[in-house]
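The chain below stands alone, shown as structure tokens; this is the form predicted on its own.
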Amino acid sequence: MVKTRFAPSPTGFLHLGNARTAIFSYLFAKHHGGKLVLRIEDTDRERSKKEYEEALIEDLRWLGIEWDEFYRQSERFDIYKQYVQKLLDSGHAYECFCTPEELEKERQEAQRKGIAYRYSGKCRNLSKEEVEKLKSQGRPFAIRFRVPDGKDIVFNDLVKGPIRINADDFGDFVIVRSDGTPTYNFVVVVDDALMGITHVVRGEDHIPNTPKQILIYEALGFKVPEFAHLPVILGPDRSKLSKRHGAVSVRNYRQEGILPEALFNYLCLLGWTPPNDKEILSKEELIDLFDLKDVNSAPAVFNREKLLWMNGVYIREVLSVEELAERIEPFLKEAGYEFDRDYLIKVLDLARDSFETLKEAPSKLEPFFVDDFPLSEELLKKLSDLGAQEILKVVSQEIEKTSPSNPEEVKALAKNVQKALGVKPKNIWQSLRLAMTGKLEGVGIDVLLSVLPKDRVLYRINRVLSALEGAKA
């Protein structure tokens, strides 16, 4: 059975690159009828924070990613100790008593020679007696993995193809720090093996770790999983996506009013092309279509405009008006608007094409909720120039008589007023727009007048008429 894992460190909010890794791991497992493991890699005690773990879990759930098993590395230290001892007993690992100062001196020497640093192996061949003597002196020690000299490590990456790295490029590496905490490259192997992970899906920045991990798998007699290293996500300037490109965390986009379905869908298309070239895909369709063999090995470019466009499509076409109302309510209530669900559904049914994010909705839909907007001198002058006083009086009479309930009826009413007064259509529509919203642009006035209750329409008209009378006086 296919089994993948997503293994974030709780050292910050969920980055878009990590979110895509989680999505690809999830889709690949579900496409093959398999399982996804969520494993919190919190062995870095200084940087790991409980609040980040909670935020990671919350954001993954918001995105719609479901996992079948859950683990925390910090709860598995006793397991790691057993396997460290196994490597020591078999000679695949050894104690290293080199001080930080000695190691720094080695690094500086390598830098002076202009070569890549690798550990000299100074403690590699200490005898048992020498090791015990140093321990009895209370000397702190790390534990290093004994890397075979000159060995080529070859693996077939499911995205990048065949990769070959020589062990001499990195030398003996630390698997347990001198404070007793195991390192990433060691614990990840033990966890993946014991959890039965068949496919490791992660970013291409992990490629240098892979040969070290393969050596540990082999030394412990574990089956080596298949690896798929995903290309990086670039910003529009083709540098690695970072904060200088704007929002880079899932949390940021949640707060901006991006829908989880739209973000999930969009992240899938960063480095993967559906076989049918369709762009708007449900989670079920994505599970059905996704395969790692279709992931591109070249970097993907994040396009914020494309994400906003896709979010707009979900708002206008994918979500039902009832679902949209539920999602949008918190944003409208935060803006201080008061309404009932039935009224909101009526508004959205006709005006959901006026915004691309849920956060935009309060400002774009303001005319449906705010009656008492400012009546400035400039606004009243514009209304006077349009001959709005006479227009609005006739409009008010027509509304009292006909109570238009859809955009077509509003257009017919405007036409009747135009004929009765012999004025230009522009004067009718601009007078209505300014009287209803205080602005010359925004949501369609035919839509607004067909949704607003009659008493609120007449209230706004009478308010403006009173202000115009006052301005004359």
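Fair warning: this is a prediction, and the values are worked out from it, not measured in the lab. Each residue number is its position in the shown sequence, starting from 1.
Although it is not shown, the form predicted together with the RNA is what the next lines describe.
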| property | result |
| --- | --- |
| Stretch in contact in the predicted bound form with the RNA, which is absent here, among 329-337, 193-201, 86-94, 312-320 (heavy atoms within 4.5 Å) | 312-320 |
| Within 4.5 Å of the RNA in the predicted bound form, all of 64, 291 and 400 (non-hydrogen atom) | no |
| is_contact(residue 183, the RNA) in the predicted bound form, heavy atom dist at most 4.5 Å | yes |
| Partner proximity in the predicted bound form: residue 31 to the RNA, non-hydrogen atom cutoff 4.5 Å | no |
| Contact flag, residue 114 vs the RNA in the predicted bound form, heavy atom cut 4.5 Å | yes |
| The RNA contact at residue 52 in the predicted bound form, heavy atom, 4.5 Å | no |
| Contacting member of 249, 357, 209, 389, with respect to the RNA in the predicted bound form [4.5 Å, heavy atom] | 209 |
| Candidate from 156, 363, 297, 376 lying within 4.5 Å of the RNA in the predicted bound form - any heavy atom | 297 |
| Residues within 4.5 Å of the RNA in the predicted bound form, restricted to 81-103 and counted by heavy atom | 98, 99, 100, 103 |
